[in-house]
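A single chain comes next, written as structure tokens; it is the form predicted on its own.
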């Protein structure tokens, strides 16, 4: 399976007509975008904005970010399961993409959605200032601020938002279908060699406990036993996020730009033989199910003849149980593991007789096993200082920081003291840097 990925850099975005890409400049027709979004009767209104890095701008109510991509040769459709029918296997042929640009879906969570899914939190991206600490502050955006019908059920709301974002992204990507990309990269796994360690990527992904939402694999969001994917399938959009749970590890843009895949490809055929990505679901309901998933992941790695494994995950909380059980099983099977992980930034209130103190007494990992001996931390990017006021706010006007008090709304344009306002987690989109996209340095050894 060989994939040629053609890259079209986006250095300027303007609204106008006719739409097109040339020399790094993308022109977007706002009337066409509005028509594509409003094609779904469940959507009442949409505002179209362009936002660039370095602006004194704040984007709120971030639901998902989609990198426009189009399949120009080969089977399937980019982001299969969300776009294109039937759902064919992707990862071969030629795909064109925009670099440094995303279609951002912004929409305030409906009141009953907040009550149904506690993780349907408000998030924000600052494009400048002390809050611009993540990779998402470096992208250029076409922001779609969408207002849906107020009575949509959870899955309908999710489908309406995702459908709108992907229709626009696909239309923009079609602008470069027949063009020659300034840069093209080919991806294909080398044949395993006896003189190189055989390595597997164990890619654990959260499955929602609420049917119909969550990180999708070919659009499938439910719990399932582990599946083996060629990394090209992931690069071609086989894994995509939803519009409900806005933890950045679920972001569609992130999955097709996962740096762990690029790092493994850079070493495949040189000092390792990469066997593929075993995608395992987390957040099973019982310990027995978690153990079953871990055992099946280990079995798959053994059948591939793996000697080493890079383990990644994209969520938090009880998902770590499956991850650690998998690491334990891999190590006991003689497969050496390295775990790439975020650290918890949960703020704990410690009561003393004199005062209440806010601190970071929470351990960096909520659960561990003795076999997890090689752990690489990507830390947390939550800034400690307050965010300044912003001259421009896109995506809405106010944010809710406490899901238990949804009527307590904070004006988004003013200064934001996140330590005082937010609950357990920072609302900055991308502060959990699951795969090492951030600016932290490390030693490779």
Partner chain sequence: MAVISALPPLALQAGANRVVQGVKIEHVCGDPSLPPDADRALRRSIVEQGLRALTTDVQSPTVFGGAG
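Numbering follows the first chain given and starts at 1. Source: prediction; values computed, not measured.
Absent from the display: the form predicted in complex with its partner chain. The rest refers to it.
Residues of just one listed stretch (95-103, 142-150, 316-324, 272-280) have heavy atoms within 4.5 Å of its partner chain in the predicted bound form: 316-324. Its partner chain in the predicted bound form comes within 4.5 Å of no heavy atom belonging to residue 178.
Among heavy atoms of residue 371, none comes within 4.5 Å of its partner chain in the predicted bound form. In the predicted bound form, no heavy atom of residue 86 sits within 4.5 Å of its partner chain. Using a 4.5 angstroms limit between non-hydrogen atoms, residue 118 is distant from its partner chain in the predicted bound form.
287 is the sole member of 174, 228, 287, 225 with a non-hydrogen atom within 4.5 Å of its partner chain in the predicted bound form. For the options 375, 209, 333, 266, the one in contact with its partner chain in the predicted bound form, meaning a heavy atom within 4.5 Å, is 209.
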